[in-house]
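Quick heads-up: it's one chain on its own, the form predicted alone, in C-alpha cells.
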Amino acid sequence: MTPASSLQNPSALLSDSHWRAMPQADVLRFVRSLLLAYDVVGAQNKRGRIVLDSLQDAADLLLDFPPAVHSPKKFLFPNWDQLFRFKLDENILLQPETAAPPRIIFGMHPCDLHAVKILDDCLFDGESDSSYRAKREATLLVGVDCTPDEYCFCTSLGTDRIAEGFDLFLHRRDDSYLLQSGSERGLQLLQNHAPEIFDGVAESPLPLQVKQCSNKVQFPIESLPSLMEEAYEDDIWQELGQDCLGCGSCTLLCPSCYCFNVQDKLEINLQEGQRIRTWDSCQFDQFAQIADGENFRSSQADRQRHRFYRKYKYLWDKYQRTACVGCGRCSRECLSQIEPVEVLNRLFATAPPALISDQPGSEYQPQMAQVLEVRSLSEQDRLFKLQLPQPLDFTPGCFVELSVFGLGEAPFSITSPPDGGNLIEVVIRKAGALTQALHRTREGDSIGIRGPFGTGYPLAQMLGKDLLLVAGGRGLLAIRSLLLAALKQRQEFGRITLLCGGRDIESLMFPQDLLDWHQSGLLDCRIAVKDQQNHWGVPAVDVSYLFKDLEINPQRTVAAVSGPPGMYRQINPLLFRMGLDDEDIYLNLERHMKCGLGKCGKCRINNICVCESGPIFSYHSIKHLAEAIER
C-alpha cells in the first residue's frame, strides 16, 4: 500500500459510502463537538476578509464562501516549517520536530481536495517527505460543494467534482446537506461526534454534479501533453516574460505548488537555532541560480514556460494528470493579468493542424501480420511464427498485442530473440474465445498486431557477465527470448545457467529446446518437474531445489527470474543468500496488460504501469511496491 493510499480505506470509497442527511443545525453541533478534540480549520470572516484559519467558535464557520479564499495547503505544507532544532555545544545536539497536532480542515472545495491528491503523489513519491506525511496523516479532510466564479476553470480539468480523497463530504441539498463518508476515519469521526447522524436513515447517493464555468479550455485536456510538446519554442513565452513581474504570487497561492528552500536560523545567542523550510517559487529570479552564479532559467520567459510545463506537461508525463486544479487563484491575483486558460487556448489555436487533427484512436489500430508457421508445443500451446510488414525493434522480455477482429486483442510475450528483422515468434495458450480463434488460424492467414510494448531485459548491461536464468512454467516464454539472444553472441557472456521447472513434462514450454540446450554444452541446463513418474528421469522436485550445489560468482552474476508470482517467494531469498545484489536480479511481473499504453489501469501496481515500465524490473526498482511481488 502506498503512503497516499494508506490514508484512505478503499472499502469506504464511493460505492460503499454512508450517505446521511445533515441539517444546518446538526452541522453546527458536529463542529462544536469536533472543537473539543481537534484543531478545526475553516473559512471565517476576520476583519472584513474571508480567511482560512483555526476556529475558536463553531458559529464562525462559513460553508458557503467564494473560491478566492487561500488554499488549505498552508496547513499541510506550511509556508514556514521547522524541520528540527539544533544546539551548538561540544557535541552538536539535534532535536526533532514535535508531532503534528490532530487537525480537521472543514469545508474544502473539490478543487482543493484534488490539489491534496497531487501533493500526495509528489511528496510521497520515492523518499517520502516525513514532515508532510506527519501533518497529512494527522489531518482529516471534510469537503463541501462550491459555486465557481469567473476565474474558475475546474470543469475543464474535471476537478469540479470528486468521488474520493476525502474523509467526509457535504453535498448541498436545498437548506440542508447530504453527508457522504469517504474513509473509515471519516466514519469513525461521525460515529464519535455525531452519533445521531451516523445512526440515521440511509439516504440514496447523489450522482456527481457537474458545475458550470464560463471560463473554459477549448479542447480536450488529454491533448495537453502533445500540445505542450510542440510549444516549447513558441513566441508566447517571450510575451509572458515581458508581462510577468516575477512576484511569484501565482505559485505561492497555488494549492498544489510545493517548491521550497531550506535554511538555518540562529538564535541571538548564536548557540542554538533551527533548520526551517520556507516556500519558494520557480518565478523568482534566483530560484534556478547555481553556485558559480550561472542561472539556467535566467529570463522571466524561461520561468513562465517552466511554470506552464510543470503544471500541464511534466507531471502529466509522470502521473497522467495535470498539476493544476483550475481554482483560478493565480489569475485572480496576477498583477499582469496572465490567465492560464487564455494561454492554453492560444497555444491550441496556433497548433499545427496535424497535431490537432491526428487520427483519433490511431495508437490502438493494429497492423496486419501473416502467419508463416504454426507448431504445436502441447495440447494447449502453439508457437506462431509471424511476418510483420516492417522490422520490429524490441528487447527480450517485451510483448505485443494480437487481435482477432470481432473478438478483441490480448498481450503475448515475444519468445524469439531480436534480430532487426520482421519475423517474431509468440506462444498462444488456448483458453478463451480469442485464443481459440487464434489457434484456428493457419499458415497464410493474417492477424492484427500492435507493439512492441514494454521494457525488457537490459541485454547490453549483461554483456561480460554470468547469467543465471530461472524459469517456472510459462515463465520460460520471456526467458527463451533472452537466452537465444545471449547464445547468438555466446562469446560475450560468461557462464550461462538455466534452471527450469514445471508441473510435469507435458507442461514444459519448448521441450525440444530444453533437450537441445541440455546437450549442447553451451550452457548448464537443469530441469525439474514435480511428477514422480516423469519419463525424462529428471528430479521430481520444485525448481528451487535446483539451486542445491549450484556454484556462482555473485560479483559477476546477473539473474533473471520468470514464473508465477508465488515462485518469487522461494527464489528471491535463495538469490540473496547466494550474495546477489538486488540491482542484479530481474523479475518478470507480467499482469493483464490490456492496452499496452499505460492507460487502462489493468496492469497498474501501486504507482507504476507494468506495460510502460516493465514487465521486466530489477528487484531494486520494485522492492518498495507492496503489490509488486507476492509475499
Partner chain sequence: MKTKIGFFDFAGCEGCQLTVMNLEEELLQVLQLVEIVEFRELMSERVAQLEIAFVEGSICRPGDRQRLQQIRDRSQVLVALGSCADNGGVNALGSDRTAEVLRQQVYGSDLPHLYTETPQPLSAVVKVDFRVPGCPIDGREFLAILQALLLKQQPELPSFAVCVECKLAEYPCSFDYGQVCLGPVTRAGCRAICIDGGGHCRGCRGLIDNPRTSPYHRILEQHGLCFDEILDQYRTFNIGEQESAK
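Here the structure is a predicted model, which means the values were calculated and not measured. Whichever C-alpha set is largest while still superposing within 1.5 Å between the two forms counts as the rigid core. Numbering follows the first chain given and starts at 1.
Below, we turn to the form predicted in complex with its partner chain, even though it does not appear here.
Taking the shortest heavy atom distance, is Gln283 within 4.5 Å of its partner chain in the predicted complex?
Yes, Gln283 lies within 4.5 Å of its partner chain in the predicted complex.
Can any non-hydrogen atom of Leu266 be found within 4.5 angstroms of its partner chain in the predicted complex?
Answer yes; at least one heavy atom of Leu266 falls within 4.5 Å of its partner chain in the predicted complex.
Report yes if any heavy atom of Arg32 sits within 4.5 Å of a heavy atom of its partner chain in the predicted complex; otherwise report no.
Heavy-atom contact with its partner chain at 4.5 Å: absent for Arg32.
Applying a 4.5 Å heavy atom distance criterion, does Ala291 contact its partner chain in the predicted complex?
Ala291 lies outside the contact set for its partner chain.
Taking 4.5 Å between heavy atoms as the contact cutoff, choose which of Gln532, Gln337, Ser204, Gln390 touches its partner chain in the predicted complex.
Checked against the cut-off, the match is Gln337.
Work out which of Leu190, Leu498, Cys244, Ala115 lies within 4.5 Å of its partner chain in the predicted complex, going by heavy atoms.
After the contact test, the surviving option is Cys244.
Is every one of Ser249, Leu253 and Trp279 in contact with its partner chain in the predicted complex, taking contact as a heavy atom within 4.5 Å?
Looking in the predicted complex, the three residues Ser249, Leu253 and Trp279 all sit within 4.5 Å of its partner chain (heavy atoms).
If we take heavy atoms and a 4.5 Å cut-off, which stretch out of 577-585, 561-569, 48-56, 33-41 is in contact with its partner chain in the predicted complex?
Within 4.5 Å of the partner lies stretch 48-56.
Is the C-alpha displacement of Leu28 equal to or greater than 2 Å between the shown form and the other one once the rigid core has been superposed?
Comparing the forms between the shown form and the other one, which are aligned on their rigid core, Leu28 does not shift its C-alpha by 2 Å or more.
Does Ala37 count as moved between the shown form and the other one, where moved means a C-alpha shift of 2 angstroms or more after fitting the rigid core?
No, its C-alpha moves less than 2 Å.
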